[in-house]
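This document opens with one chain alone, in structure tokens, the form predicted on its own.
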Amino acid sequence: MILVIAEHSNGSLKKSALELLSAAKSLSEKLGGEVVAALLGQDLSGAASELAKYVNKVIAVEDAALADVRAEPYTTVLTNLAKELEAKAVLVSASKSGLSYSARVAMRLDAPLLEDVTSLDVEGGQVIASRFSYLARVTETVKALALPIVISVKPNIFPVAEASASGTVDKKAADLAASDDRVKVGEKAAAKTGRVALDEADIIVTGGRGVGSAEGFTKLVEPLADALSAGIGATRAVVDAGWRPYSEQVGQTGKTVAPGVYIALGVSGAVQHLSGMNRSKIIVAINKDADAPIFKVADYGIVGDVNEVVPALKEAVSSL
């Protein structure tokens, strides 16, 4: 059996949950066993019903202590669940949340851990995976020599699963110990941009120093993103300058994204930034410097001033 931990927010599944199901189904065909999806949290009925459209069995673990993602209670619940179900593999998203507890679960299960993987295969009953390293310029192949195994899957790599099931939802108690409640979430402040989140966006418009200023984002990046219903990204230099919040930073020290379309406006293409977006399916670059490194990875490039090209591009998009 393969256990998938489905992430959710505001009563709905995250895109990463459906990507995990796709990865798990592919793995189950080679490793054997059914795919079971688990939800942890509070008020899970909506997300559980949605998840049951993709997998035959859903396990919902509801408890007030699981309302916020905290490593210790999540580790206890997932470890107990994996042991009870005798899971061959536990799949989690390599998100900030998933990475906070995946290693702990592996340790408690005495299981190998494959982190941030981009592909999965089975050879001789052993799981083989690929993952990026050295700023995504090298692809490593790693193998787990034993089962069970814990795997964190890189977001935006696997396709989204298709709804093809009419599954059941089983509810389970959390069964937590006092030691699992040592860390509390004091306050959460969510950014309210009204735009799609970077890790959920199929189109991303990113601005670099070539945009010129914070006002340049308002005049150029935001209108184009709105016209395309896209997420907004920024380079580290832009974030360090205070033009945009850290939550929008793309790159080695920010978020790694792989949307269908990535539009880079005034982005030079430092290797640290490329490592966070060079797996995008289509890359479009607009920069007045014809020698900018971004053009080496771009599928389409325009050498020109963003102040002239972007308004024309936005007008063309709006007229469609």
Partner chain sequence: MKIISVIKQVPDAEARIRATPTGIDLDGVTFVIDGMDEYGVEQSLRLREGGLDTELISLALGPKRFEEAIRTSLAMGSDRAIHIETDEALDPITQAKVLASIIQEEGAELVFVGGKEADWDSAALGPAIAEALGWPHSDWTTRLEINDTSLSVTHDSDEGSETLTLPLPAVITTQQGLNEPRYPTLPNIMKAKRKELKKLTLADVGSPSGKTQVLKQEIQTKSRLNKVVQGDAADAAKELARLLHEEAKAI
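Positions refer to the first chain, counted from 1. What you are looking at is a predicted structure, and each value in this text was computed from that prediction instead of being measured.
The same protein also has a form predicted in complex with the partner chain, omitted here; what follows describes it.
Student: Residues in which of 162-170, 80-88, 211-219, 124-132 have heavy atoms within 4.5 Å of the partner chain in the model of the complex?
Tutor: Among the listed stretches, the partner-contacting one is 124-132.
Student: Exactly one of V61, L31, A52, V261 has a non-hydrogen atom within 4.5 Å of the partner chain in the model of the complex; which residue is it?
Tutor: Comparing distances to the partner chain in the model of the complex, the residue within 4.5 Å is V261.
Student: Verify the flagged residues A17, S26 and W243 against the partner chain in the model of the complex: is each one within 4.5 Å by a non-hydrogen atom?
Tutor: Answer is no for this spot.
Student: Does at least one non-hydrogen atom of R279 fall within 4.5 angstroms of the partner chain in the model of the complex?
Tutor: Although the partner chain is absent here, R279 would touch it in the model of the complex, with heavy atoms inside 4.5 Å.
Student: I'd like to know if A174 sits close to the partner chain in the model of the complex, meaning any non-hydrogen atom pair within 4.5 angstroms.
Tutor: No, A174 stays farther than 4.5 Å from the partner chain in the model of the complex.
Student: Would Q249 show up as a contact with the partner chain in the model of the complex if we use heavy atoms at 4.5 Å?
Tutor: Contact check for Q249: yes, within 4.5 Å of the partner chain in the model of the complex.
Student: Does I283 reach the partner chain in the model of the complex, with heavy atoms at most 4.5 Å apart?
Tutor: Within the cut-off, so yes.
Student: Which residues, if any, of 249-275 lie within 4.5 Å of the partner chain in the model of the complex when only heavy atoms count?
Tutor: Residues within 4.5 Å: Q249, Q252, T253, T256, V261, V271, Q272.
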